[in-house]
Each structure stands twice: as structure tokens, then as C-alpha cells.
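Only one chain comes next, encoded as C-alpha cells, the form predicted alone.
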Amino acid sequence: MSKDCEVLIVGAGIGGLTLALSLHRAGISCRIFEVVTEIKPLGAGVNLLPHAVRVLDGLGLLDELAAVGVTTQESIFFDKYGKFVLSEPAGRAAGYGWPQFSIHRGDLHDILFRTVIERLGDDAIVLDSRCVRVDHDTDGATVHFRSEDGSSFQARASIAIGCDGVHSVIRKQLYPDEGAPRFSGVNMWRGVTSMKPFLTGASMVRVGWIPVGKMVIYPIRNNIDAEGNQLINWVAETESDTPVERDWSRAGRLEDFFSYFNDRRFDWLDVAGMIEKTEPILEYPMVDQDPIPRWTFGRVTLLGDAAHPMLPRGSNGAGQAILDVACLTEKLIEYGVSERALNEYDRIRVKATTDVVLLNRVAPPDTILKEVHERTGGKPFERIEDVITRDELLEISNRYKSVAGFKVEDLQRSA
């Protein structure tokens, strides 16, 4: 069977689309196969940290991201009573060479999708292509697909990359006995709603801690109407004995979690009112998978959520997929479209992402709020300085940035 392209990409999510743009820029032919029959906007907000934005900037997407998303200016922490804990500048305001963007996942996906079609052509993405399995030999990889009508077909390339997300068929084939996701004991609810800007109008806020309910709140679109409202994204987390279904589009119910947040009406934001006016509300379990020892088997490898599904904390899900893309492309340029390139990519990114997956379990950025909660016993305080020093708070923050690959000094050195 002749090869359709050099690189066959399974999945047209953020990782798969970014990979296609990166390979095209490097002069490597590729094609994406996607299970859905129609591309529709899904999900809610996502944060793009400077290390990921640097990669997207290299693909010529910076201006479009800035036009659609919100350029985040600060990351700010409050306790459950709305009392200030810490504020840190974000993006260029923090000394990075690139901004941080808060953006609707659908907007980000639309930018990537449109750009792939513009640059690679209308046939670059093949829809209605459900991956069934992948075979490989010394010369290439053959991916088997099934369409919605039940018909089957195959495509062949020099290598195949599984970018097929948390329910990856290719990962399941490579690790058939892996088992169920690891539940953290936390479920989350999320939504987006129209509101007046709060704080700076470009603030990413974390409020409270898990035993008493935690929230992450940030704007993802500016000036959405004549009144100057923003589209605000929020995520609420509570402890639970049982995980909800692992489906990003699953509808949630207000009554299942609102009791944790119904008294949160602060002078800087009416959090309870924001939740109450949101429709629809989505729910998702805080789950991940134990890191696997390798992603690459011959001429097949994994990328993004298929490779390293992690707890959605620290704004690193999409970001680590984009860093995968940069590393994989670099190795394909260096060693050619070959098994050696995949093995080198594997050697670097398995270790890097394993560190992030494990850190997200025990010490994500909101560990700052856990520390404050434990030191105060969940009681109100007058001054944060009487509880914990700013230097201690910043040490927690910098520890995460260093492992996740976006500490200012490290990122600038690698530029």
C-alpha cells in the first residue's frame, strides 16, 4: 500500500491541529483523521501559558489569539471568605517574552482549524474517521478507520501519531490492561456566563480550597455586547466519593454543588450570582491516568491527552500538548521522519510530562490556598502576613512553574 503522507495524525483536537501546522511549517507532509462528522465548538475556558504561546507565536498565531482571547494580566488568590492571599503578574507583565491568554476552547480550536485548512488545504482533515486500530512495520504505519455508515478504510504513512484524547483508541491498543482512570476524590462543575469585568478585567482568580469548595474564575472574551460585558469562565470543585462520567460535554445540575458556594458574594465579585445565572452547567471528574513508561512503539506514538492525561489544574493540559508538538517537530527535523525521531521525542517528553502529572496530584498552583486553609484551620484572618509570608507563597508558585516548564528564567534561557 502506498503512503498517503509522511505523518498521519489521529485526532483534530488542539494537539493534532497544532501538530499539523508545525509539521507543515517544517516541510513535512501530514494529514489529520477525525472521528466527528462536523466540527463544532466545545468546552469552556482554557489558559495558554507563555511556554505554549511561544510555540503558537512561532506558528504565526499570536495576533489572532490576542484578538479573540483575553490577555491575562495577573493570577490572584483569595480564601473562601474572599480575603486576599496573593497576586502575581502574568505573561509579559511578569517578565516573560510572551503573553498569557485566557480563551474559550472553541475559539482556540476554531483558529487552529481554520489555519490548517488555509495552509494545508481542504483535504488536510478527513472527518467521519473513527480509528479502530493501527498496525506498523519497519517501513511505516497503517491506521484502520470506520465511518459512521459502517464502511471501513485504511490510510498509511511513515509514522502515525495518536492525538485522540483521553479516550484514545491507540493508547488502549498499546496498553490494553491499563485500567480505569485514577479518581482524585474531586468532581468539578464549569460554565461560562456574561458579566461586567471584575478586578482588572484580565485577572485569573482562584478562591477557596477543596474541603470547603474551590473555584477558578477568569474572563475569556472581551466586549461581547454593547454594554462592555465579558464572557466569564468558572470552574467549581468539591469533594465526592464517586466520580461523575468522564465526558467534557456532560450536563451538570446546580443543586449538586451550589450549597458550597451560595454565600460567596464578595465586594469584588458576586460569585454565587454568577453561578446561578449560568446555563448550561457542565460536570467532569478530576481524574488522570498513572504515567506510562513509553509512548512510542516502532512507528507509532502518542501526543497530548492520549499520552499524558492529567488533572485539569495549573493550566497545563493544552499547554503540555503544545510542548509535545514543539519537541516532536524538532526531532523529526533533526532525525527525519523515522523511529529514531519518535524515540528521542519519547525520551524527553515522557519524563517531562510525568513530572507534571505527578505534581498536579500533590502540589498544583492552588496548593497556596491549601496551605493557607490548613494554617488557619479554615477560619477568617485579618492579614495574610500573619498567616504566611509572601516569600513562602512565591516559593510554592515557583516550584510548580519550574517543573511545568514556565519559570520566567528557564523559559527566557531556552528562547
Ligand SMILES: Cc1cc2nc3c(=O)[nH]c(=O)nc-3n(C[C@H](O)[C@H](O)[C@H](O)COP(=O)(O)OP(=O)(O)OC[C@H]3O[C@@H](n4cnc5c(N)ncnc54)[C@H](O)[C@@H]3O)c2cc1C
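Residues carry their position along the shown sequence, with the first being 1. Since the model is a prediction, treat every value here as computed from it, not as a measurement.
Missing here is the form predicted together with the named molecule; even so, the following discussion is about that form.
Engineer: Using a 4.5 Å heavy atom cut-off, which residue among Val46, Leu56, Leu359, Ile28 comes into contact with the named molecule in the model of the complex?
Structural biologist: Checked against the cut-off, the match is Val46.
Engineer: So which of Leu86, Leu342, Ala318, Val216 gets a non-hydrogen atom within 4.5 Å of the named molecule in the model of the complex?
Structural biologist: Contact check passes for Ala318.
Engineer: Among the candidate stretches 61-69, 36-44, 345-353, 366-374, which one is within 4.5 Å of the named molecule in the model of the complex when only heavy atoms are counted?
Structural biologist: It is 36-44 that comes within 4.5 Å of the partner.
Engineer: Would Gly11, Cys131 and Gly165 all count as contacting the named molecule in the model of the complex, using a 4.5 Å heavy atom cut-off?
Structural biologist: Yes.
Engineer: Phe266: heavy atom within 4.5 Å of the named molecule in the model of the complex?
Structural biologist: Phe266 lies outside the contact set for the named molecule.
Engineer: I'd like to know whether Arg105 contacts the named molecule in the model of the complex, with contact meaning heavy atoms within 4.5 angstroms.
Structural biologist: The answer is yes: Arg105 has a heavy atom within 4.5 Å of the named molecule.
Engineer: I'd like to check something about Leu303: if you look in the model of the complex, is any of its heavy atoms closer than or equal to 4.5 Å to a heavy atom of the named molecule?
Structural biologist: Yes, Leu303 is a contact residue.
Engineer: Any chance Arg190 has a heavy atom within 4.5 Å of the named molecule in the model of the complex?
Structural biologist: Arg190: yes, in contact with the named molecule in the model of the complex.
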